[in-house]
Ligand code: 5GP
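We begin with a single chain expressed as structure tokens, specifically the form predicted on its own.
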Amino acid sequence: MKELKERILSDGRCLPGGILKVDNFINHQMDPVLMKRMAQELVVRLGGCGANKILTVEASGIAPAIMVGYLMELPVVFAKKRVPSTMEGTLTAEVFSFTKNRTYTICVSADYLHKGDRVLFVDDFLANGNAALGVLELVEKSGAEIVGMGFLIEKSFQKGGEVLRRRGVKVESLARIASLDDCKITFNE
């Protein structure tokens, strides 16, 4: 998506270690107009997948997931990073976060993810794919089916996209980063 790539180049910041900061327009301070346009593009690419539910992981995936859910008129569920004491029938999976350098137990109530659901996962980043793999585990435990995964930004120099695609998951990413070497942002296409 040309507009997103231009915004990454103008407002994104690269930090040593392959870190791309887009917190000034995607995942801390958000540009709602850009968020809407990104959601529209995800709907163009994934809207025909037959989803009946959108799923994401808190917190950075919530904004794009809500926008996609609004446009597709589907409910949005987010996996929590802590198991609430009030949640019953909890589906859980372990996810390692490279950004935070820790493992989270993500969870969803079985009340909101059912056998027969056709789930579209939406998130801000795809890097090593740990969150996406955790979501696949949650969906599998519920008896639901993943029908697609949409990401705003994919770090294609990391293994996540390849792992998901090899597993047969339909993956769409709006901006694919080929390299962040020497803090220079290079796109795949």
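Just so it is clear, the model here is predicted, and its values are computed rather than measured. Start at 1 with the first residue shown and count on from there.
From this point on, the text means the form predicted in complex with guanosine-5'-monophosphate, which you will not see here.
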Is Ala178 part of the interface with guanosine-5'-monophosphate in the predicted complex - any heavy atom within 4.5 Å? no
Do Ala127 and guanosine-5'-monophosphate share at least one heavy atom pair within 4.5 Å in the predicted complex? yes
So in the predicted complex, is guanosine-5'-monophosphate close enough to Leu138 to count as touching (4.5 Å, heavy atoms)? no
State yes or no: in the predicted complex, is some non-hydrogen atom of Val169 no more than 4.5 angstroms from a non-hydrogen atom of guanosine-5'-monophosphate? no
Contact segment among 117-125, 62-70, 140-148, 31-39, judged by heavy atoms lying within 4.5 Å of guanosine-5'-monophosphate in the predicted complex: 117-125
May I ask whether Ile54, Lys80 and Ser109 each come within 4.5 Å of guanosine-5'-monophosphate in the predicted complex, counting any non-hydrogen atom? no
guanosine-5'-monophosphate in the predicted complex - contacting residues of 8-37, heavy atom within 4.5 Å: Gly18, Ile19, Leu20, Asn27
